[in-house]
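Single chain ahead, written as structure tokens, the form predicted alone.
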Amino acid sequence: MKAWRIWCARRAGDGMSIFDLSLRFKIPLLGSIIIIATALGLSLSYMVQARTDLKRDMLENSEGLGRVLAHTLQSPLLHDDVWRGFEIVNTLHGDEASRGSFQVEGLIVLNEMHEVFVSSHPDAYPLLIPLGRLGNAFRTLSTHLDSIPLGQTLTLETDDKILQVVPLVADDVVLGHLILVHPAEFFWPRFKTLAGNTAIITGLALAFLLPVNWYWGQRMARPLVLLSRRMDDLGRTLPEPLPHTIYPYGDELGCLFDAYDRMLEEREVKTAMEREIVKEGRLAALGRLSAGIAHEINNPLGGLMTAVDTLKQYGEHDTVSRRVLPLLERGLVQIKDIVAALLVEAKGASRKLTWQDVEDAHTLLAEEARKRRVAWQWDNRLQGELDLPATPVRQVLINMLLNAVQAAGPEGRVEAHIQATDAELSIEVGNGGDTIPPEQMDSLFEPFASRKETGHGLGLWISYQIVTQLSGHIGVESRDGWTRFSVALPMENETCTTAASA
């Protein structure tokens, strides 16, 4: 949503076009425009073609009617039988003109002098009137009558009429002409019906295609919009992977989402490795600094302790001395212990780790657990000797168990699982109690980072140093009121021990 707001704010001051819209709107909108334009184009071209075909078909039908009338009118025209001709024209015009397939406005029969012999509308087309006097359209037609080949028809279109002329021929002699008068848009009623049906079909097609287009447009755009927002957040935070159900198809778009998920997984691994490298570098720097400080303190500390011991043996012990010297000696001893705890060093070879060494750690802390009324679950599955140094591993186990017992609190619970494979030794120690806050997780293995009011916070740091020297790994998880420390030590390492005590 933040990226969306930034996009909206950026576009608020710019000239925004349809191509700047979100894909959620642009894809369905452009698809709808294409569908509507295609449907209208196809419908329009169809109706134009239908109009042309309809006009041609109706003229052909009208020509067929004219040829039938031409044969019928030959006899009245030869015998100058006006009433018979009028009867034929009026009867056929009354029957056929009412049919929508012809739309004949009037029928006119001309004699060889181009005068009206008989017509379906005597008032509009009086008898014996020359054709040129019936109107402009007929005046134009009169100039073309003599040029009509035998056996052919003539169609003349004007602004308001369509005149179709059929020669009346007997023994290759032109007796006259039959004129079928049509309105200029005589095919319009049928065309309106056809156009209405086309509009209905087009509307039904659009009613189906437009919702489908919007559905598929949104179906494709939503994943892309979500991917865009996740990619926008990628530089600042580590976004969540895309849901697998958002686009469960194997096309190019699905491959894009799979590539994003793989990139996210690789970034998570890279971030974790960078965090671990920074953490190890910081701990290594702290270790070197602590060891340097410890060595520098040891020299004057040894002198001070020697001086105190000399005063105790040879000095005058007045009341003040007897009270001050023990306090001074205990303070110096405490400083010595702290300095010794900072010196985690590799020593000579130690004996191999056995099942009994692990049981000794359990025995040493059983009384402490009993005093605190801590429920204890112990699972030691070691057998025989392991190719690991006993002393430093025991120290790591004791430090972890002691921290677990203290963190569990009164009537808490501690679980310990120790097992080994051919490749590594696995130690897991879990305890109930307060969850470790996230802000303390990164500094948990640093010296003097104790969460307890008492203690110098060196136990976990010493354990980390030992595990690191043994090329192992130590980790912690803390959530939902349960904290679990895990240690993995590979076999066949150089043996080492420590000169420190927790």
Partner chain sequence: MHRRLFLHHLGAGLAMTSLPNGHVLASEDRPLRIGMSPVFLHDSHGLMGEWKAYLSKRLKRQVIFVLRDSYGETMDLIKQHRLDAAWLCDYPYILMKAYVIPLATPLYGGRPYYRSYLIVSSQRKGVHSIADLEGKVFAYADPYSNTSYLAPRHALKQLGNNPDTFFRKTFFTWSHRKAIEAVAKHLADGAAVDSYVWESLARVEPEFTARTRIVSRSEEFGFPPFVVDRELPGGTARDLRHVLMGMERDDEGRAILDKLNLTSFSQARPEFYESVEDMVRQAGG
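The structure presented is a predicted model; accordingly, all values stated were derived computationally and were not measured. Numbering follows the first chain given and starts at 1.
Although it is not shown, the form predicted in complex with the partner chain is what the next lines describe.
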query	finding
Proximity to the partner chain in the predicted bound form (heavy atom, within 4.5 Å), stretch among 154 to 162, 420 to 428, 74 to 82, 225 to 233	74 to 82
E268, E87, E359, D309 - the one with a heavy atom within 4.5 Å of the partner chain in the predicted bound form	E87
The single option of L238, I200, L128, A207 touching the partner chain in the predicted bound form, heavy atom within 4.5 Å	L128
D318 within 4.5 Å of the partner chain in the predicted bound form, heavy atoms	no
Contact label in the predicted bound form: V118 to the partner chain, heavy atom within 4.5 Å	yes
Interface membership of P122, the partner chain in the predicted bound form, 4.5 Å heavy atom rule	yes
